[in-house]
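One chain comes next, on its own, written out as structure tokens in the form predicted alone.
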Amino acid sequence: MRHLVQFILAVTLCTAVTPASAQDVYERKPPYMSIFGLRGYKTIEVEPGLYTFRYGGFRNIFVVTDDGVIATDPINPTAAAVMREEIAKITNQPVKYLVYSHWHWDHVLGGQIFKDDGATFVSHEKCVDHFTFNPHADLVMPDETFSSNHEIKLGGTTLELLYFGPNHSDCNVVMRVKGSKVLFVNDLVTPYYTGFGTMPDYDPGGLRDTLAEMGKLGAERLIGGHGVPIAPASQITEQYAFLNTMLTGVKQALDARTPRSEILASIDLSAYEHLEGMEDQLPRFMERILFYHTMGW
């Protein structure tokens, strides 16, 4: 069995587009640093027509149809150029739509190459406020926006954009090809990782609510914006349980007038010791959730 796994790994490392049959290898938990410290790029076919593209430690999806391609998050100008080449290996159809999952610069820069090809850019309307307030030379502004759930239909395929309110940001959307059991959940869940403990626009309670709603979608697998290409949907449940434990634990400690320096030690996190990021992110989580409960933001 060990030799078979080594053979699969050797083949996939040499293949530009890897089929989903290798997913048993990819679902294993990676070392923490490999999430953000990866080099190179890789495109993987998750299911017919649905692909995930990784450049360095960042990941997106694109959907290939008979009438064109729906791409997402260009990442940065260099990554976008490589993704364009990867798409061209699969289909001669152009990218018709480019969808932003949310507004953070580490995912949305570099789309001009697709704009020059005629792509229509789409995002939630709340992202535009951030794009306008703090513009970036490598950011292409959306052509179309939406305020709630939205659908993009192309070539007989529908990409659903699901909006659950404030969470990791105030404009994150979950993406799903209609009829598929796979979700693209950029930065809402990073498989086998705690996630970042603090973000300026991060809403801990909203993220907990979003994870609860995501858990009702009937997904079997998910694709995050970082880390392994494919993970079981049980990662949504685990992330919800971890965040809920932190939210309730900090609140209980505050109600008990526990000294700030002792709050983390008062919370039983033994069920999540296997998650990467526990050592460096936990103090940040506690700090952010402390403000959530005491300041209302």
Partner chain sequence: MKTPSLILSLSLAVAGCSTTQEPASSGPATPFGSLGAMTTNIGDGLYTVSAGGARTVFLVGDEGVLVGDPISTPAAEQILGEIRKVTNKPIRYVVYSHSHWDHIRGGQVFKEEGAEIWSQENCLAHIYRNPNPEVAYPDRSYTQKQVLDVGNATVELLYHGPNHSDCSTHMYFPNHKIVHIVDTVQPYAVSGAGGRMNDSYPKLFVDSLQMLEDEVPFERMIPGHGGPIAPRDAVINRRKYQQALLDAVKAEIDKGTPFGKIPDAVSLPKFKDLRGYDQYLAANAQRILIYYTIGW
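These figures come from a predicted structure and were not determined experimentally. Numbering follows the first chain given and starts at 1.
Here the subject shifts to the form predicted in complex with the partner chain, a form of this protein not shown in this document.
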4.5 Å heavy atom contact, residue 104 and the partner chain in the model of the complex:
yes
Would residue 198 show up as a contact with the partner chain in the model of the complex if we use heavy atoms at 4.5 Å?
yes
Contact test in the model of the complex: residue 155 vs the partner chain, heavy atoms, 4.5 Å
no
Does any part of residue 147 reach within 4.5 Å of the partner chain in the model of the complex? Heavy atoms only, please.
no
One residue of 176, 130, 221, 96 in contact with the partner chain, assessed in the model of the complex (non-hydrogen atom, 4.5 angstroms)
130
Does the trio 254, 288 and 295 actually contact the partner chain in the model of the complex, every residue with a heavy atom within 4.5 Å?
yes
With the partner chain left out here, work out from 155-163, 81-89, 105-113, 178-186 which stretch has heavy atoms within 4.5 Å of it in the model of the complex.
105-113
